[in-house]
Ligand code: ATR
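The chain below stands alone and is given as structure tokens, in the form predicted on its own.
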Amino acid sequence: MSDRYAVFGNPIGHSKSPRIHALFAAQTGQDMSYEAILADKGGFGAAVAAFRSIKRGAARGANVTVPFKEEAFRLATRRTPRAETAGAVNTLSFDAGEILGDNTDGAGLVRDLKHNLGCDPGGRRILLLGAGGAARGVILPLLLENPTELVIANRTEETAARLALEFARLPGCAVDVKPDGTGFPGLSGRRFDLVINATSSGLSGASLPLPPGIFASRGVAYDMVYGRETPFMALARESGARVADGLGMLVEQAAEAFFVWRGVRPHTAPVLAALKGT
């Protein structure tokens, strides 16, 4: 019987992960199935246990999306260094009684920037908007690319300051945080080569109170939300920035998870093209 995988979330009906992994499996000749599972809020652990208990093929792993990444972190009996740093888990691997937790979000973002968009974070001035789990998961991978600076800004400056201080303690990591108690307005007068929106504003359609002029000439604006034109993307486009959504990150983090599970790295370009063509 095929090895079984799944993605857990709430909501989950919109997930593209089953199609992505089906394309990866067909491309690489892997015998596996992948499904989307809606877990009740407060019932994530029980849903994972139920998935593992089904005898229809061996349950080998799972992806985890909103709002269960922190619960997955706690559920894991062992975690990779990048999961420990992120404080969240989006990839689980099941082996006997052990649950290995990993986080492939940051690796997916960096690969999308470098390989799909031609935007190497190295030597760039980066602004990361947001200080929640989505931001936390990508900070270390971005820092390892040696940007000129990585500034974290958030509506609540104290939250950004705590996060920046945490990562600033890492050897060789130079993380800056805007010393302004009101949040984004203190960015006025600064320009960035790469601006990444890791806030939830794109999901709600809310605008961010960003000052004008933060996008450098020929800069890149990246929104982790995909499948829609967000107010952040519209503002960046009007400012002359090159704009990208998070679809490539979704595919690249999935490819990283696939590699973790199967030991084979699929080609992402044809999968990304297939998703954009629908």
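Keep in mind that this is a model prediction, so the values were computed, not measured. The numbering used is simple: start at 1 and walk along the sequence shown.
The same protein has a further form, the form predicted together with the named molecule, not shown here; the description that follows concerns it.
Proximity of residue 77 to the named molecule in the predicted bound form: non-hydrogen atoms within 4.5 Å are absent; the residue sits far from the partner. Taking non-hydrogen atoms only, residue 128 never approaches the named molecule to within 4.5 angstroms in the predicted bound form. The closest non-hydrogen atom of residue 90 lies beyond 4.5 Å of the named molecule in the predicted bound form. Mapping the unseen interface onto this chain, residue 206 counts among the residues with a heavy atom inside 4.5 Å of the named molecule in the predicted bound form. A single residue from the set 164, 110, 134, 83 has any heavy atom within 4.5 angstroms of the named molecule in the predicted bound form; that residue is 134. Annotated contact segment (heavy atom within 4.5 Å of the named molecule in the predicted bound form): 147 to 155, selected among 188 to 196, 92 to 100, 147 to 155, 111 to 119.
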